[in-house]
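We begin with a single chain expressed as C-alpha coordinates, specifically the form predicted alone.
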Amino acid sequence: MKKILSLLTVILTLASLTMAQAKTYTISVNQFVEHPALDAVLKGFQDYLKEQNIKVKYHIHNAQGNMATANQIAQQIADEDPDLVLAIATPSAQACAQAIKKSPKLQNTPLLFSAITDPVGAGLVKDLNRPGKNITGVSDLLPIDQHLKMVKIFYPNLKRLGVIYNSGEANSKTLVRLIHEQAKKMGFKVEEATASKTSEVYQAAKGLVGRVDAIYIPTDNTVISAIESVVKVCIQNKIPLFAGDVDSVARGAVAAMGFDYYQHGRQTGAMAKRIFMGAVPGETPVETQKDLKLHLNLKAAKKMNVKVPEEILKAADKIYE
(Lines give C-alpha, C1' and ligand atoms only; values in the text may rest on other atoms or scores of the structure.)
Protein backbone atom coordinates (compact mmCIF):
# COMPACT_ATOMS: atom_id res chain seq x y z
CA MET A 1 0.00 0.00 0.00
CA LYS A 2 2.84 2.32 0.95
CA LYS A 3 4.56 1.67 -2.40
CA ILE A 4 1.32 2.41 -4.31
CA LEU A 5 0.87 5.71 -2.49
CA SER A 6 4.49 6.66 -3.20
CA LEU A 7 4.03 5.79 -6.88
CA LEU A 8 0.82 7.85 -7.04
CA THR A 9 2.66 10.81 -5.44
CA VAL A 10 5.41 10.59 -8.07
CA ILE A 11 2.86 10.39 -10.91
CA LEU A 12 0.88 13.39 -9.59
CA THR A 13 4.09 15.41 -9.11
CA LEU A 14 5.24 14.69 -12.65
CA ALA A 15 1.79 15.57 -14.00
CA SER A 16 1.85 18.89 -12.10
CA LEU A 17 5.33 19.67 -13.41
CA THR A 18 4.31 18.86 -16.98
CA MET A 19 1.31 21.19 -16.66
CA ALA A 20 3.53 23.93 -15.19
CA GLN A 21 6.01 23.58 -18.05
CA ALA A 22 3.26 23.67 -20.69
CA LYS A 23 2.13 27.18 -19.75
CA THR A 24 3.82 30.56 -20.21
CA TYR A 25 3.48 32.43 -16.89
CA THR A 26 3.46 36.16 -16.41
CA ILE A 27 5.47 37.42 -13.44
CA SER A 28 5.52 41.06 -12.35
CA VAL A 29 8.61 42.05 -10.38
CA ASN A 30 8.76 44.98 -7.97
CA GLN A 31 12.42 45.46 -6.87
CA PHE A 32 13.06 48.30 -4.46
CA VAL A 33 16.51 49.39 -5.57
CA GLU A 34 19.41 48.34 -7.78
CA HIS A 35 22.46 46.99 -5.98
CA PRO A 36 24.45 43.77 -6.44
CA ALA A 37 22.71 41.75 -3.71
CA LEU A 38 19.14 42.48 -4.89
CA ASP A 39 20.15 42.18 -8.55
CA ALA A 40 21.60 38.75 -7.70
CA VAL A 41 18.26 37.71 -6.15
CA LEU A 42 16.42 38.44 -9.40
CA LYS A 43 19.11 36.74 -11.52
CA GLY A 44 19.02 33.61 -9.34
CA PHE A 45 15.21 33.54 -9.49
CA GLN A 46 15.15 33.84 -13.28
CA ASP A 47 17.97 31.31 -13.81
CA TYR A 48 16.28 28.70 -11.62
CA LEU A 49 12.94 28.87 -13.45
CA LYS A 50 14.70 28.82 -16.82
CA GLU A 51 16.66 25.70 -15.82
CA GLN A 52 13.37 24.07 -14.78
CA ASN A 53 11.93 24.75 -18.24
CA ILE A 54 9.27 27.02 -16.73
CA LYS A 55 8.40 29.56 -19.42
CA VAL A 56 7.95 33.09 -18.07
CA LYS A 57 7.15 36.51 -19.45
CA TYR A 58 8.52 39.12 -17.03
CA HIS A 59 7.39 42.67 -16.25
CA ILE A 60 10.39 43.99 -14.28
CA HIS A 61 10.16 47.25 -12.34
CA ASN A 62 12.66 48.99 -10.09
CA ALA A 63 11.66 51.71 -7.61
CA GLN A 64 15.23 53.12 -7.48
CA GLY A 65 14.99 53.34 -3.70
CA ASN A 66 11.88 55.56 -3.74
CA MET A 67 8.88 54.41 -1.66
CA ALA A 68 6.43 56.52 -3.69
CA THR A 69 7.68 54.85 -6.86
CA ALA A 70 7.36 51.42 -5.23
CA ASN A 71 3.69 52.21 -4.53
CA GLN A 72 3.12 53.39 -8.12
CA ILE A 73 4.71 50.19 -9.44
CA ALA A 74 2.48 48.09 -7.18
CA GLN A 75 -0.61 49.82 -8.59
CA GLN A 76 0.66 49.38 -12.15
CA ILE A 77 1.13 45.66 -11.53
CA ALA A 78 -2.63 45.33 -11.06
CA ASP A 79 -3.10 46.29 -14.72
CA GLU A 80 -0.55 43.68 -15.78
CA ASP A 81 -2.73 40.93 -14.28
CA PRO A 82 0.23 38.56 -13.60
CA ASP A 83 0.15 34.92 -12.52
CA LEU A 84 2.56 35.78 -9.68
CA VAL A 85 4.03 38.93 -8.13
CA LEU A 86 7.67 38.83 -7.00
CA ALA A 87 8.60 41.57 -4.53
CA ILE A 88 12.31 42.01 -3.75
CA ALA A 89 13.00 43.83 -0.44
CA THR A 90 10.58 44.93 2.26
CA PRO A 91 9.29 48.32 0.97
CA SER A 92 8.32 46.76 -2.38
CA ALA A 93 6.66 43.79 -0.68
CA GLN A 94 4.67 46.08 1.61
CA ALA A 95 3.57 48.18 -1.39
CA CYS A 96 2.50 45.08 -3.33
CA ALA A 97 0.64 43.62 -0.35
CA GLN A 98 -1.40 46.83 -0.04
CA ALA A 99 -2.09 46.96 -3.80
CA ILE A 100 -3.24 43.34 -3.84
CA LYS A 101 -5.54 43.98 -0.88
CA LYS A 102 -7.22 46.86 -2.74
CA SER A 103 -7.35 45.30 -6.24
CA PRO A 104 -10.20 42.84 -6.95
CA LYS A 105 -8.23 41.67 -9.99
CA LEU A 106 -5.27 40.54 -7.84
CA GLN A 107 -7.18 38.92 -4.98
CA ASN A 108 -6.08 35.41 -6.02
CA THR A 109 -2.62 36.34 -7.28
CA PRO A 110 0.26 34.88 -5.21
CA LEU A 111 2.70 37.39 -3.74
CA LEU A 112 6.15 35.90 -3.32
CA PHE A 113 8.69 37.98 -1.42
CA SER A 114 12.47 37.68 -1.26
CA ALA A 115 15.28 39.38 0.69
CA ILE A 116 12.94 40.29 3.56
CA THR A 117 14.47 40.33 7.04
CA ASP A 118 11.35 40.32 9.19
CA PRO A 119 8.14 39.36 7.31
CA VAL A 120 6.12 39.36 10.55
CA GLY A 121 7.41 42.73 11.76
CA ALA A 122 6.83 44.18 8.29
CA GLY A 123 3.17 43.14 8.51
CA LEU A 124 3.38 40.79 5.52
CA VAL A 125 2.53 37.56 7.37
CA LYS A 126 1.24 36.72 10.83
CA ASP A 127 3.00 33.39 11.21
CA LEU A 128 6.16 32.16 9.47
CA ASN A 129 4.90 28.55 9.38
CA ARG A 130 1.37 29.40 8.17
CA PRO A 131 1.68 32.79 6.42
CA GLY A 132 -2.03 32.96 5.48
CA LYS A 133 -3.61 35.10 2.73
CA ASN A 134 -1.79 34.45 -0.55
CA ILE A 135 1.68 35.49 0.58
CA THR A 136 4.92 33.63 1.32
CA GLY A 137 8.59 33.88 0.45
CA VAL A 138 12.21 33.66 1.57
CA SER A 139 13.61 35.67 4.49
CA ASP A 140 17.21 36.84 4.79
CA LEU A 141 17.17 37.40 8.54
CA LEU A 142 20.85 37.70 9.41
CA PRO A 143 22.48 35.63 12.16
CA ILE A 144 23.67 38.82 13.86
CA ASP A 145 25.44 36.86 16.61
CA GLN A 146 27.73 35.20 14.06
CA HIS A 147 28.40 38.49 12.28
CA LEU A 148 29.41 40.27 15.45
CA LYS A 149 31.52 37.31 16.59
CA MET A 150 33.44 37.73 13.32
CA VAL A 151 34.02 41.43 14.10
CA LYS A 152 35.22 40.48 17.58
CA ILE A 153 37.77 38.08 16.09
CA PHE A 154 39.25 41.11 14.29
CA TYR A 155 38.90 43.32 17.39
CA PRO A 156 38.70 41.34 20.66
CA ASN A 157 38.75 44.62 22.62
CA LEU A 158 36.00 46.31 20.58
CA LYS A 159 34.28 49.02 22.66
CA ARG A 160 32.11 50.97 20.20
CA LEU A 161 30.62 49.71 16.94
CA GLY A 162 29.06 52.16 14.47
CA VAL A 163 25.94 51.15 12.52
CA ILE A 164 24.52 53.12 9.59
CA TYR A 165 20.98 52.43 8.45
CA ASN A 166 17.73 53.90 7.14
CA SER A 167 15.38 54.20 10.12
CA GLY A 168 12.46 54.20 7.67
CA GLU A 169 13.17 50.59 6.60
CA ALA A 170 11.41 48.00 8.75
CA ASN A 171 14.13 45.46 7.86
CA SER A 172 16.86 47.70 9.20
CA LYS A 173 15.05 48.64 12.41
CA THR A 174 14.73 44.95 13.25
CA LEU A 175 18.41 44.31 12.55
CA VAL A 176 19.58 47.30 14.60
CA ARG A 177 17.45 46.11 17.52
CA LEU A 178 19.11 42.70 17.27
CA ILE A 179 22.57 44.33 17.05
CA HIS A 180 21.90 46.24 20.27
CA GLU A 181 20.74 43.05 22.02
CA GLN A 182 23.79 41.09 20.89
CA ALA A 183 26.23 43.92 21.63
CA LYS A 184 24.97 44.04 25.21
CA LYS A 185 25.74 40.32 25.60
CA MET A 186 29.17 40.75 24.02
CA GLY A 187 30.15 43.81 26.07
CA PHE A 188 30.38 46.71 23.62
CA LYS A 189 28.24 49.73 22.71
CA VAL A 190 26.49 50.58 19.47
CA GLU A 191 26.59 54.07 17.97
CA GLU A 192 23.86 54.71 15.39
CA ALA A 193 23.90 56.95 12.32
CA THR A 194 20.89 57.17 10.03
CA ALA A 195 20.38 58.07 6.37
CA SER A 196 16.91 58.31 4.85
CA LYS A 197 18.30 58.42 1.28
CA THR A 198 21.52 57.53 -0.48
CA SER A 199 22.68 61.16 -0.68
CA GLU A 200 22.80 61.24 3.15
CA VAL A 201 25.00 58.16 3.58
CA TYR A 202 28.34 59.99 3.29
CA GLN A 203 27.43 62.50 6.03
CA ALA A 204 26.09 59.69 8.23
CA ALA A 205 29.44 57.88 7.91
CA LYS A 206 31.38 61.07 8.66
CA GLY A 207 29.27 61.55 11.77
CA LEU A 208 30.70 58.35 13.23
CA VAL A 209 34.35 59.42 12.85
CA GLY A 210 36.00 59.64 16.27
CA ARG A 211 33.07 57.91 17.97
CA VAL A 212 33.60 54.27 16.95
CA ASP A 213 36.29 51.59 16.64
CA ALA A 214 34.67 49.96 13.59
CA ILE A 215 31.56 50.29 11.40
CA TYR A 216 29.10 47.54 10.51
CA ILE A 217 26.56 47.86 7.69
CA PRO A 218 23.55 45.52 7.93
CA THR A 219 21.57 44.60 4.81
CA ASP A 220 20.13 48.10 4.54
CA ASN A 221 19.21 48.88 0.93
CA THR A 222 19.73 52.64 1.23
CA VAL A 223 23.23 52.36 2.71
CA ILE A 224 24.36 49.44 0.56
CA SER A 225 23.33 51.37 -2.56
CA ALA A 226 25.88 54.02 -1.57
CA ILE A 227 28.41 51.92 0.32
CA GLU A 228 31.28 53.48 -1.67
CA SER A 229 30.64 56.65 0.38
CA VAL A 230 31.17 54.71 3.61
CA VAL A 231 34.27 53.00 2.19
CA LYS A 232 35.73 56.43 1.35
CA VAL A 233 35.21 57.72 4.91
CA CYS A 234 36.61 54.51 6.42
CA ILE A 235 39.77 54.64 4.27
CA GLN A 236 40.34 58.34 5.01
CA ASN A 237 40.00 57.78 8.76
CA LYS A 238 41.38 54.21 9.05
CA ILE A 239 38.10 52.82 10.40
CA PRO A 240 37.49 49.09 9.68
CA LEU A 241 34.29 48.49 7.72
CA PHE A 242 32.34 45.23 7.95
CA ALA A 243 29.13 44.31 6.12
CA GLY A 244 26.16 42.00 6.39
CA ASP A 245 26.26 40.93 2.73
CA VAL A 246 29.16 39.42 0.86
CA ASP A 247 28.64 41.55 -2.26
CA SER A 248 29.70 44.62 -0.28
CA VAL A 249 33.14 43.07 0.27
CA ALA A 250 33.95 43.27 -3.42
CA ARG A 251 32.96 46.97 -3.23
CA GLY A 252 35.35 47.81 -0.39
CA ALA A 253 34.25 46.41 2.97
CA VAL A 254 36.94 44.43 4.81
CA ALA A 255 34.84 41.31 5.46
CA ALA A 256 31.33 39.93 5.61
CA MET A 257 29.79 36.70 6.73
CA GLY A 258 26.61 36.64 4.75
CA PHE A 259 24.29 34.96 2.35
CA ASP A 260 24.91 34.30 -1.27
CA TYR A 261 22.00 36.31 -2.67
CA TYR A 262 22.13 34.51 -6.00
CA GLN A 263 21.32 31.29 -4.11
CA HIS A 264 18.66 33.23 -2.19
CA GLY A 265 17.02 34.05 -5.53
CA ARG A 266 17.24 30.45 -6.69
CA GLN A 267 15.53 29.33 -3.47
CA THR A 268 12.75 31.86 -4.17
CA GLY A 269 12.49 30.49 -7.72
CA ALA A 270 12.01 26.99 -6.31
CA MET A 271 9.09 28.30 -4.24
CA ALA A 272 7.57 29.86 -7.37
CA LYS A 273 7.84 26.53 -9.15
CA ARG A 274 6.03 24.75 -6.31
CA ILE A 275 3.26 27.38 -6.39
CA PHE A 276 2.85 26.88 -10.15
CA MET A 277 2.59 23.14 -9.47
CA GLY A 278 -0.27 23.71 -7.04
CA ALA A 279 1.21 24.67 -3.64
CA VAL A 280 -0.96 27.14 -1.70
CA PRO A 281 1.17 30.22 -0.78
CA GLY A 282 -0.67 30.89 2.47
CA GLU A 283 0.06 27.32 3.61
CA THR A 284 3.68 27.33 2.43
CA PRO A 285 6.04 28.21 5.33
CA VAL A 286 8.36 31.17 4.94
CA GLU A 287 11.87 29.87 4.31
CA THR A 288 15.26 31.21 5.40
CA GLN A 289 18.68 30.70 3.91
CA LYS A 290 21.07 28.88 6.23
CA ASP A 291 24.42 28.70 4.45
CA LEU A 292 26.82 31.52 5.23
CA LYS A 293 29.89 32.53 3.24
CA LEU A 294 32.88 34.45 4.59
CA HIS A 295 34.34 36.93 2.09
CA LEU A 296 37.50 38.94 2.77
CA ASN A 297 39.04 41.94 0.99
CA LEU A 298 42.78 42.17 1.74
CA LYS A 299 43.22 45.35 -0.30
CA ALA A 300 40.51 47.11 1.71
CA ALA A 301 42.01 45.77 4.97
CA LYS A 302 45.36 47.32 4.09
CA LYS A 303 43.79 50.69 3.21
CA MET A 304 41.86 50.73 6.52
CA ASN A 305 44.91 49.60 8.49
CA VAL A 306 43.29 46.33 9.53
CA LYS A 307 45.35 43.31 10.58
CA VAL A 308 43.60 40.15 9.38
CA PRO A 309 43.64 37.30 11.92
CA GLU A 310 45.03 34.00 10.70
CA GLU A 311 41.80 32.12 11.50
CA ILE A 312 39.82 34.52 9.28
CA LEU A 313 42.29 33.97 6.43
CA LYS A 314 41.93 30.20 6.76
CA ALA A 315 38.13 30.30 7.04
CA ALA A 316 37.45 32.69 4.13
CA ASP A 317 35.44 31.24 1.26
CA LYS A 318 36.54 34.03 -1.07
CA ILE A 319 39.48 36.45 -0.81
CA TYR A 320 39.83 39.64 -2.86
CA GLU A 321 43.49 40.69 -3.20
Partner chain sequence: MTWYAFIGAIEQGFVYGIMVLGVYLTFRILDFPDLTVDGSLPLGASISAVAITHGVNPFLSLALAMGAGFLAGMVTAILNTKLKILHLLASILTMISLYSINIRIMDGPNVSLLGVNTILDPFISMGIPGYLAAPIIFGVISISITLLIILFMYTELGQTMLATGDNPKMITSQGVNTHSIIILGVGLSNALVALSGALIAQNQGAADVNMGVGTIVAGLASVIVGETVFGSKSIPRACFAALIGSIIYRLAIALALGLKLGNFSFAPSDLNLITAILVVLSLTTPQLKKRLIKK
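It should be emphasised that the depicted structure is a prediction, and the values quoted were computed from it without experimental measurement. Positions refer to the first chain, counted from 1.
Separately, the form predicted together with its partner chain exists; it is not shown, and the next lines address it.
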query	finding
Of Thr194, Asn237, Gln75, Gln182, the one that lies within 4.5 Å of its partner chain in the model of the complex (heavy atoms)	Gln75
Candidate from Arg211, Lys102, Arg130, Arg177 lying within 4.5 Å of its partner chain in the model of the complex - any heavy atom	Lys102
Partner proximity in the model of the complex: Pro143 to its partner chain, non-hydrogen atom cutoff 4.5 Å	no
Distance check, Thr117 to its partner chain in the model of the complex, heavy atom within 4.5 Å	no
Non-hydrogen atom contact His61 with its partner chain in the model of the complex at 4.5 angstroms	yes
is_contact(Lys173, its partner chain) in the model of the complex, heavy atom dist at most 4.5 Å	yes
Heavy atom contact within 4.5 Å of its partner chain in the model of the complex, the stretch among 246-254, 183-191, 104-112, 225-233	104-112
